[in-house]
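Quick heads-up: the structure tokens below are two forms of one chain, split into structure 1 and structure 2.
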Structure 1
């Protein structure tokens, strides 16, 4: 009975959603309202107003920067939620010195991981810094940064990585994303403009573009470093439960 009701409700939702998708304005048609209303402005003036050659970066950091600030905070909230349930990694709970896997790792795997990690981090930094010019940006770079930390944790052990990347600094890095936005936003307000304004009239005209670029890079670094640190922290927190 209960199951039948649930399946019926799901079917109803399915019919509803499919029937809607069928009558949506056709994709790619020039009359589609999504192409005629706001998007032309982004495409025509995005590069010059948004301050980034990559229009996506211009939109998510400039036109809709407040949303991105919210999204970065959502990621931070996810970390806090994980910590509320699982707690921070805690070495006192471990009997052995925190090896993730019981499988013996060969010297080749360890050396390759050690050798590759700096390059992965370099690649992540490239994506973060080059986000304004080419596909990429803080979120993508941060994911790669987090992945590199996970790789060395899996091969060299949690004890090694958490010693290199101690909790003292990780706490600072975790909040880098929202903090970057906050700093930029306050610069805007102190300059007499609205929150998250990048083009500041209080800066001499010749330097405005440079300042805007600097501010965008601060935000990108914040998102990237923050994202990477949060991914690593969530990963470390999960490790504890497996051992218990």
Structure 2
């Protein structure tokens, strides 16, 4: 009975998907809505309606903010799946594959990593904070932030980094992306608008653009910090090896 219901549900889903694909406009056609009015609308009114001088940021956080919120949730879910299978690292019980390597690390590599990592982190924060104004944003900054943590882990060891980047704080950072979207989304509802509305009529007209910009930056920070923490935690889980 259960197997029959599962097959029926899959068939129903297949019919729904196929019926959707059939009514989609032909790929590459100049008559597609993408070319007739969506892109022109983004280019002509993106800054005014999206609230960010970087049109890409206006698109991903405002026009298609729900989609981006879904992407952030998927990344967070990926972390949960990795931790469910591999578990968290524990610097008392685990070391890293790099630390167990028989190849001795060069003092030059260690020194360069120590010297450059603060600058890489600073650059990542710049990319995150300026995502609404210039090329960049939370996803890009988060990737750079995560990469900087990986570099320092490979050179100075898992125990060193996990002591500095305490799990107590990292757990909070990991959820910053979905949490940021949820909090900012609820602000819109509390002002009588739809979820994730940035332009709030409950704010004085003179400050509406400023508040919208601040809300976009908060979401960017959540995506960036959360993305960096998730990349680091996934790497820690995959890199850890039990001490002998």
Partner chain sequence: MVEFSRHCPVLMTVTFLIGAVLTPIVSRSRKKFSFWWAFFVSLLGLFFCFCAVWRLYTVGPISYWLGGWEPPYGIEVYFDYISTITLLMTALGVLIIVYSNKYIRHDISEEKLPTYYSLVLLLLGGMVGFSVTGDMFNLYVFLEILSLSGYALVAITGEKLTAMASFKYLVIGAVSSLCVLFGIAFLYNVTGSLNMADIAFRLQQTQPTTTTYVALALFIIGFSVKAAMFPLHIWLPDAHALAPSSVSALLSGLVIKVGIVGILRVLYCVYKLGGSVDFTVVTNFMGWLAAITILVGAFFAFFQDDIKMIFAYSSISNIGYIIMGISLVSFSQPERGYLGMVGGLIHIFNHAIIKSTLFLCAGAIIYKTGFRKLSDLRGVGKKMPITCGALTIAALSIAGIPPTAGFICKWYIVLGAIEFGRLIWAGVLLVGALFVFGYYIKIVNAIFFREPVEPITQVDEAPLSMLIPIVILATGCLIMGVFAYIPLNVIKPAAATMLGLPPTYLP
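Numbering follows the first chain given and starts at 1. Heads up, when I say rigid core I mean the largest set of C-alphas that superpose within 1.5 Å between the two forms. Bear in mind the structure is a predicted one, so any value in this text is a computation, not a measurement.
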| request: Return 1 or 2 according to which structure is the form predicted alone. | output: 2
| query | Rigid-body rotation of the smaller part against the larger between structures 1 and 2, in degrees? | reply | 56
| message | When the rigid core is overlaid, by how much has the CA of residue 34 moved between structures 1 and 2, in Å to one decimal? | response | 2.3
| query | After superposing on the rigid core, how many Å does the CA of residue 12 move between structures 1 and 2? | reply | 23.8
